[in-house]
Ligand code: GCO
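Below you will find one chain, with nothing else, as C-alpha cells; this is the form predicted alone, and questions on how it binds or moves follow later.
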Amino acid sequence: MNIRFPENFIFGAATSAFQIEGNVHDDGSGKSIWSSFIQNSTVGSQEDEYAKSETFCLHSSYWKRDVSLLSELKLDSYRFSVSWGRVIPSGNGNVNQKGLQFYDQLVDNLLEHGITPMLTLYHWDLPLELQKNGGWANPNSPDWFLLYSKTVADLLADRVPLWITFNEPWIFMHLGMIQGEHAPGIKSPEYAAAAYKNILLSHSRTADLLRSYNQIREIGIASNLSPCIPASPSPADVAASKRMDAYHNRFFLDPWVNGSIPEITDQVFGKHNPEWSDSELNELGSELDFIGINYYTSKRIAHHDHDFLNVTEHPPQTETTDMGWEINPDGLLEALIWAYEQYNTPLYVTENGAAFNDVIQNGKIEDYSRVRYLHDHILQCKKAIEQNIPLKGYYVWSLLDNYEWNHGLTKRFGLIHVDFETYNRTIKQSGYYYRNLISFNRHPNTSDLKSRRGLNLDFLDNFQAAYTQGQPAGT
C-alpha cells in the first residue's frame, strides 16, 4: 500500500490556546468566556479541580519542551491558536506585552526547529469583558476582532506564513449560542442571528487586513465538515439530511467563499434572520487561499417533527471513538471531494483525530486504536490527492492530551500523553507511528531510512503488512 505523498505535502499537529496553555491569569491575561463557563458549570466531573483551576497542560510554562517534542516527531508544521485575552486582557484596550512576548518566543523557537507555524486567531476563547458588552452579538465586535488581529499580525506576520481567522464558527455559534452547551452558554436564536452576521463580517474585514502584510502567504478558515447521510431512503429523511448539510456544512462557507447567504438561515433564525445591506454583502466572498477541514465523523440524519430544524441524528452504526463518534474514514474523502467541487479552493485537513481511553503500561501508551484511526484517515488523504484534489497538508488533533471543552479532562486526543498532576509528557505509539510515516515520506529510499539512527519502521511495516493481508491491524 503506497503511503507516499507529494514532496511539498505538510504533516502537522494542532492545538488551541485555551485547551493547553494554562496559567491563564498569571501573566496579566484576561479571563475568557470559557473561564466563566467552567467555574459556573460541571465540567467532566464534580471532582475535576484541574479543570476548575485551568492549569491543564501548562503549555505556557513548558512550551520549549513541547516544541522539542514537535521536532522529535519530525512535524513540518504546528497549528496553534492565540489567546485573545492573553494579548488584550479586556479584549479591546491595552495590550499585554508579556502575553505577546509568549507568542513571539514560541514562533521564533518553532522556526529554529524548522517547523512552520500555522496561526489561528480565534479558537472560541472570547475575552469575558467583551461578552459582558454583548459579545459577538454587539455590532462593534468586527472592530474588536480587527484591532486584536492587527495587534497579532503586526508582531508575527513577518514569520508566520499560514493564518486562519476562525476555527469552527458553526460549533461556537450553534453549541454556544443556540444549544447553550458551550460557552457562553446562551440559548437564543435572536442572539445567534446577530452573532452570525458579525462573525461573517469579522472574517472578511480581517482577511482584507491580513492581505496587506506581504509576508503572509496563505489566509483561510477552519470549518468542521461532516457528510450528512440520510438514515433511510424516505423522502423525509433525505430532505432532513439536506437541511442539516446546508446548516452544518455550508452555513459559513457559502458566505465566505461565494458571498451568498444560505436560504437555511430563514429556518435557523426565523423572524430574527439578519438583514444585509448591499455594501455588507459586497464585503463577503473574499477570496480564500485555502479551506481548512476539521473532520471527525459523519452524521446519520432523520426527520423529527419536534427537534431543531426538524432534524435528529441517529446513533452510530459502526465502531466509535471515546466521544461516541462513528469512525468513518470514507467520510473524510467524501468531505474533501465535496469541498473542492463546491468551492474550487485548495484544502488542508486542519484537524483529524480521535479520543480513546489510553492506558499507561510500563511507561508506554500503546494506543493502537488511534494508530488505526489515523492510518485509515491519512490513506483517504492520499486517495484525494490521487483524484486531483489540491490537498496541501494534514494536521492531527491533537499534539497533546488537553482540556476537551464541556468534557473537561476526561477525553484524550493527543499524540502525546499528559499527566495532569505532574505535567509529564509521554509520546504514545500513535506519535511514533506518525513520526515514522513522516520519515517514510521524507526519505525516498526506505532501506536507507531504516539504517538511520533513532528511526524504526518495523511498526509501520507490520501495520502495512496487516492491511495487505486483510487483517484488522492495530487491534
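Numbering starts at 1 and follows the sequence shown. Only a predicted model underlies this, so the values are computations on that prediction, with no experimental measurement involved.
Unshown form predicted in complex with this ligand; subsequent notes refer to it.
Here the marked residues His123, Glu351 and Phe413 all reach this ligand in the model of the complex, each with a heavy atom within 4.5 angstroms. The chain is drawn here without this ligand; in the model of the complex, the stretch among 267-275, 132-140, 396-404, 373-381 whose residues come within 4.5 Å of it by any heavy atom is 396-404. The partner is absent here, but in the model of the complex a heavy atom of Asn294, alone among Ser241, Asn294, Thr165, Ser81, sits within 4.5 Å of this ligand. Checking Tyr213, Trp325, Tyr247, Phe356 for any heavy atom within 4.5 Å of this ligand in the model of the complex turns up a single hit: Trp325.
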